[in-house]
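Take a look at this single chain, the form predicted alone, given in structure tokens.
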């Protein structure tokens, strides 16, 4: 491997200088990309702000990362008029480099058109529609909406509690954005209205889309060091609108989770139970013997998509895969992920009694999990799905 040096003097933490062009067309963010930051996350390699990639022993890993990086770049910067979504899905299943994640998520959700000629006009139209709706609802005021104070009150209580361990969500300007997103969604979906848990689901989108406008350094937590108080309003408007529309796309695919009696979640919990009886009957029998009802611990897994059990970075990696699974990623495939998650702790759980089981499942030991751990979980879920998706027997209630 020939010598490769990457100079990072130009990567000044903060807003990207070309943010205006990124707002117009997200592909503008990709043209000057040369190397993935994931390759230079070892601070021991820093020499006068220069990274000598040859000092990394694992050349195969470097070559693989560079290859994936270049494949994403080739797909997204195609000279054809249409981006190949099938190839993007296949490549994204095993994770999306953070440099390409924002535009990839928007394409995979069909928020951005794959037609390159329509992208800028679509973004402009959708963002204007969002801002016009917000101005109408709030009557150009930041003090609160002009109707449905009950919903607004609940949202204003939940938002400050959202991701309390992440500094980004403690800033009033970010909280106001989330409040507007959630309130407009509730108004547009009166059959369900706002339900606790939806606030959590907005944050991966917001975080990924905001990161697209920042020069993030090699520290994954660098977003926590960013003060958004003085962020350009055009950037905030774009991130807020994009988050709203992508959250809407996601929730449309799991709408039964939030209507009266939440039948979607009940169905998912029952399917998880039946699946465990097929995958690990000893664990299923032990939980039954201890009086554990699946609804007691897995309702939150379905309602918040494991966001209370995993870090935001790991959730974002998980969503890379979910988004490639189409409209069923957050409903059907998620059940298999939950099954793999539960079976992972089978040996420990079978040694526990009721109280210890409940405490364990409410706070599983995932603090030190990495993206590699999530990758293993997703691969196991894929195996279970391949084995049981078309087996009608596992869809019947256990008796």
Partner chain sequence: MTDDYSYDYEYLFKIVLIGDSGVGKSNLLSRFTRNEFNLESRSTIGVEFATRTVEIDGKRVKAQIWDTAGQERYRAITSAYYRGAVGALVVYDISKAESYESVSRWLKELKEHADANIVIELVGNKSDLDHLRAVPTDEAKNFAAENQLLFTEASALNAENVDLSFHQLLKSIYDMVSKHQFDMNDYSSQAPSKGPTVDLTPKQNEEKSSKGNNCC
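Just so it is clear, the model here is predicted, and its values are computed rather than measured. Numbering follows the first chain given and starts at 1.
There is another form of the same protein, the form predicted in complex with the partner chain; it is not shown, and what comes next is about it.
task: Establish, in the predicted bound form, whether 160, 164 and 259 all lie within 4.5 Å of the partner chain, using non-hydrogen atoms for the distance.
output: Every residue of the spot touches the partner chain in the predicted bound form.
query: Heavy atom within 4.5 Å of the partner chain in the predicted bound form: which of 216, 131, 251, 304?
result: By the 4.5 Å heavy-atom cutoff, the listed residue in contact is 304.
task: Could you check which residue among 224, 293, 282, 234 gets a heavy atom within 4.5 Å of the partner chain in the predicted bound form?
output: Among 224, 293, 282, 234, a heavy atom within 4.5 Å of the partner chain in the predicted bound form occurs only for 293.
- prompt: Can you check whether residue 372 is within 4.5 Å of the partner chain in the predicted bound form, heavy atom basis?
  reply: No, residue 372 sits far enough from the partner chain in the predicted bound form that none of its heavy atoms falls within 4.5 Å.
message: My question is simply whether residue 59 lines the interface with the partner chain in the predicted bound form - judged by any non-hydrogen atom within 4.5 Å.
response: No, residue 59 is distant from the partner.
message: Please determine whether residue 127 contacts the partner chain in the predicted bound form, using a 4.5 Å cut-off between heavy atoms.
response: Residue 127: no, not in contact with the partner chain in the predicted bound form.
message: Since only the chain is shown here, I'm wondering whether residue 93 would be in contact with the partner chain in the predicted bound form (any heavy atom pair within 4.5 Å).
response: Residue 93: no contact with the partner chain in the predicted bound form.
query: Counting only heavy atoms and a 4.5 Å cutoff, which of 318-326, 110-118, 74-82, 149-157 contacts the partner chain in the predicted bound form?
result: Looking at the other structure, the answer is 149-157.
query: Considering only 172-186, what residues come within 4.5 Å of the partner chain in the predicted bound form, judged by heavy atoms?
result: Contacting residues: none.
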